[in-house]
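Here we start with a single chain on its own, the form predicted on its own, put down as structure tokens.
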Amino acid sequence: MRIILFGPPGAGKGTHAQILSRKWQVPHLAAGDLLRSHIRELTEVGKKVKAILERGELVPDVLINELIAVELRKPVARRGFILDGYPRTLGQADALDEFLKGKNENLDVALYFKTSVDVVIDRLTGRRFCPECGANYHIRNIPPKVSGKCDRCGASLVERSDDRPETVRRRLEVYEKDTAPLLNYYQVKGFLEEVPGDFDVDELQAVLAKVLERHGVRESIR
């Protein structure tokens, strides 16, 4: 399984990528999580991207391309992968194509989570995360067992600065400008499948199962 999940921030890509990763036993590579990991660890990359993310802008292609390539070269990704939040621009899509060609591999499908603005804002403003271990929650959809506390390590949960309403709207503007062209890119290549991002988790998982089967993904990788 080699698939891409893309769409506007808050479309549910991360939630469904995690479910598919467990089901099909391939790594879930979330571009946002990789970047936040660098920020937490105070790496040079982390320092550079922190301000960019807080402004609701996209990380430069050359930087994110190399971060993803490093992950895809690891042994755990040999059996397949689920990319979440990457590619987000045409430049990133071209870089991924070249990388896969170099390994004689092909993409199975690009899933576009078409999601309404109201749903996106509701989801993002309700998200919380653990600054210590990176676990993600939602105050309504995925609440912690103890309000405001991480289930894993007990640290206090916080709101991401890029999930505040004013930043969310800016992120959507950036998305429309820089990422929407991917629709045509993958449609031309025959990889594009549009799925309803407004659906609840169980509803959309049923849709995804049918889409993946249609693209030949039928048995989990052992």
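From a predicted model like this one, the values you see are computed outputs, not experimental measurements. In case it trips you up, residue 1 is the first one in the sequence shown, and so on.
The following text describes the form predicted in complex with a small molecule, which does not appear among the structures shown.
At the 4.5 Å threshold, heavy atoms of Thr115 stay clear of the small molecule in the model of the complex, well away from it. Not displayed here, the small molecule is approached by Glu57 to within 4.5 Å at the level of heavy atoms in the model of the complex.
Residue contact check for Arg36: one or more of its heavy atoms lie within 4.5 Å of the small molecule in the model of the complex.
In the model of the complex, the small molecule lies within 4.5 Å of some heavy atom of Arg88.
Although the small molecule is omitted here, in the model of the complex none of Gln25, Ile82 and Glu193 has a heavy atom within 4.5 Å of it. The stretch that touches the small molecule in the model of the complex, counting heavy atoms within 4.5 Å, is 59-67, out of 59-67, 40-48, 193-201, 151-159.
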